[in-house]
Structures are given as structure tokens and as C-alpha cells.
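Only one chain is given next, in C-alpha cells, and it is the form predicted alone.
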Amino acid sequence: MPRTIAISGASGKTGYRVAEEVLQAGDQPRLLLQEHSLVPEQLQGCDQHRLRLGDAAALDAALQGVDALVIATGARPSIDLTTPLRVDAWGVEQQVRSCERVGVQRVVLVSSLCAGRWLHPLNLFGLILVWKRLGEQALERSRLEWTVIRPGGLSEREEQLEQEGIRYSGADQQDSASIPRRLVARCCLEALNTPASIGQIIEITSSCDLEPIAMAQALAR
């Protein structure tokens, strides 16, 4: 039976790819979007819920009846340096609390390599890695079945991904290298299908020099 999987940040460069992978897997994506967000044409027919940040009642309604949530929200570069705090920390915590209220047990959060580090160039943009770690911690403290995916530098490349292997590691094991957003999206879906990923922070980067292996196989090592 097809699952209903909600994706917050579904208009973003990673989020819309997660939604496409959900469709490809035969499940039903529910797109959680800001009021004026645009989605690709291929996702126009999907179930869409448009929300304002901080509207708890609307968020609860949007999550009713879903089987899992993928949190793919992320602060975009802005002159407002409070945006990472509001999106990556408070925004994630609001989604976690909503899941607890409405009974959504399974959550995958897309975070970032080096989350929690203070001495990092990305923190020049409103302490973004600090706030991402606070978002992760809100999920870790919850009663939910959670997985945190920490990708490296994100690329838009879509070519020759089938031959590209992913380097999986636990928390704070990697600090460089990159990964295409499409592979991040696939990892989110793979995490939902891999019970061993529950309660894990999984860092991911990729390389054509690595042999492709399943997430379950990597975690078993």
C-alpha cells in the first residue's frame, strides 16, 4: 500500500528531488510549502499545503494522516542573519512538536556536514551550523523514530549517478567532499526503508571512486 510522505521545503533544490523520488518509489508526496513557493511542473499535481512559519495549527493539519516526514527546509542566504535560527533551529523544532502532537512517528531530517561546529566559514552566514545542530538536538530529544542525514557540499549534477558510491559515516567523521542533491534525496528515501537508520546521524559524501552499496549494508559494517 502506498505511503503518504510529507516533505517540508519541497520547493527547494533538495526538497523537490525528495518529492520526485517519493513519486518514483510509488508513494504519495505531500508538499509542505511557503505561501508563495513555486514547485516544478512535474510536481504540480501533488497534494500541496502552503504554510506560514510558526502557524502550528496549519502545520498540524498538514501532517494529519502522513506516514513519515522528510524535513528538507534550510535557510537561504539572506541579509537577515536571524533566518538560520528561525528556519534551521526553531522551524525544525516546530515540525518535531507537530509530529508528536498528530502522531507522525518517522522523521528524516536533512542537516549538514559539520553541524554544530563553531569554527567554520559557513557560520559567517548567521551561525548556520550552530542552529542546524540545535535543530538536530530537538529531533534527538523527541519520542520519534528519527534519522539525521548530514550531506557534504551539495551539487546540482544529475549525470552518471548510478555508478557513484556514497561514503557513509557516523557523526563528526567527515568534514569535506561533496554529494549531488539527487543522491541526498535517494538517501532520505533509503533511510525511511532502513530500520537500522533509526536513531542515527549519518554523514554522506560521494565519489565515482567508491563502490555503490546500500545504506543497510554500510550501517551493518
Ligand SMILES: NC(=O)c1ccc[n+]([C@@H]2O[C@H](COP(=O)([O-])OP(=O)(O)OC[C@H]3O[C@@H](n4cnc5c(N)ncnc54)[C@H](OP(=O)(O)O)[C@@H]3O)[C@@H](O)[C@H]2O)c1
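The first residue of the shown sequence is 1; numbering continues from there. Worth saying up front: this structure is predicted, and the values here are computed from it rather than measured.
As for the form predicted together with the named molecule, it is not shown, yet the points below apply to it.
J.: Of these, L139, V87, L127, V104, which has a heavy atom no more than 4.5 Å from the named molecule in the predicted bound form?
T.: Only one option qualifies, and that one is V87.
J.: Counting non-hydrogen atoms within 4.5 angstroms of the named molecule in the predicted bound form, say which of G65, G170, G153, G165 makes the cut.
T.: Flagged contact: G153.
J.: Answer yes if any heavy atom of Q200 is within 4.5 Å of a heavy atom of the named molecule in the predicted bound form; otherwise answer no.
T.: No.
J.: Is G74 one of the residues lying within 4.5 Å of the named molecule in the predicted bound form, judged by heavy atom distances?
T.: Yes - in the predicted bound form, heavy atoms of G74 and the named molecule come within 4.5 Å of each other.
J.: Evaluate S11 for contact with the named molecule in the predicted bound form, applying a 4.5 angstroms cut-off between non-hydrogen atoms, and reply yes or no.
T.: Yes - in the predicted bound form, heavy atoms of S11 and the named molecule come within 4.5 Å of each other.
J.: Is there any non-hydrogen atom of V148 lying within 4.5 Å of the named molecule in the predicted bound form?
T.: V148: no contact with the named molecule in the predicted bound form.
J.: From the candidate stretches 190 to 198, 31 to 39, 55 to 63, 157 to 165, select the single one in contact with the named molecule in the predicted bound form, where contact means a heavy atom within 4.5 Å.
T.: Flagged stretch: 31 to 39.
J.: Suppose contact means any heavy atom within 4.5 Å; which members of 93 to 120 contact the named molecule in the predicted bound form?
T.: In sequence order, V110, S111, S112 come within 4.5 Å of the partner.
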